[in-house]
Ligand code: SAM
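There is one chain below, alone, in structure tokens, taken in the form predicted alone.
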């Protein structure tokens, strides 16, 4: 499917290869999901993108491919090893000048961005799922009117429907979705996906 849709390029392929060589977990978005991020950013005309969860920078590159030529991405990564690999990958893809990687717990970095009065017109959440409820609260504070919000891994093989699940990732996603239902500032929906990453899905929303 990815070959038929001509998904991927030298920068993205090199990022995956470098991630494997550096021993990063293979939990990047799939090529088709990455292309969706590119298209969503391009349709939005994104100029200021916030990414929570960098890993090796594969999704960062996808987002950079869709944003404006003068756009900027701020991406937050907890693990220094992952951030170092992402820096290499992003530079190889040609986006070093447009991407700032902030290392450390996102819940420490997000308040600083808010204090700096930074705002974003596209926000992608793909980090540790138990903290998703906290991430979305900060995302709403940092979102400009009309901002697009995307959150990955919200179906988890259908386990998100299991009210008795003790998995903290599932519990985090459930609370995250419940917050979105109650929040008047965002209009959102869930999209289920099946592919090489299994049965999962993402949240897609617009902040008013």
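Fair warning: this is a prediction, and the values are worked out from it, not measured in the lab. Residue numbers count along the first chain shown, from 1.
This protein has a second form, the form predicted in complex with this ligand, left out of what is shown; the following refers to that one.
query: If you check 76, 99, 85, 93 against this ligand in the predicted complex, which one has a heavy atom within 4.5 Å?
result: By the 4.5 Å criterion, the partner-contacting residue is 76.
- request: Quick one: find which of 175-183, 140-148, 64-72, 48-56 has residues within 4.5 Å of this ligand in the predicted complex by heavy atom distance.
  value: Residues of 48-56 come within 4.5 Å of the partner.
- prompt: Heavy atom to heavy atom, is residue 105 within 4.5 Å of this ligand in the predicted complex?
  reply: Yes, residue 105 is a contact residue.
message: Would you classify residue 135 as touching this ligand in the predicted complex, given a 4.5 Å non-hydrogen atom cut-off?
response: Yes.
- request: Using a 4.5 Å heavy atom cut-off, state whether residue 124 contacts this ligand in the predicted complex.
  value: It does: once this ligand is placed as it appears in the predicted complex, residue 124 has a heavy atom within 4.5 Å of it.
task: Give a yes or no for residue 27: in the predicted complex, does one of its heavy atoms lie within 4.5 Å of a heavy atom belonging to this ligand?
output: Although this ligand is absent here, residue 27 would touch it in the predicted complex, with heavy atoms inside 4.5 Å.
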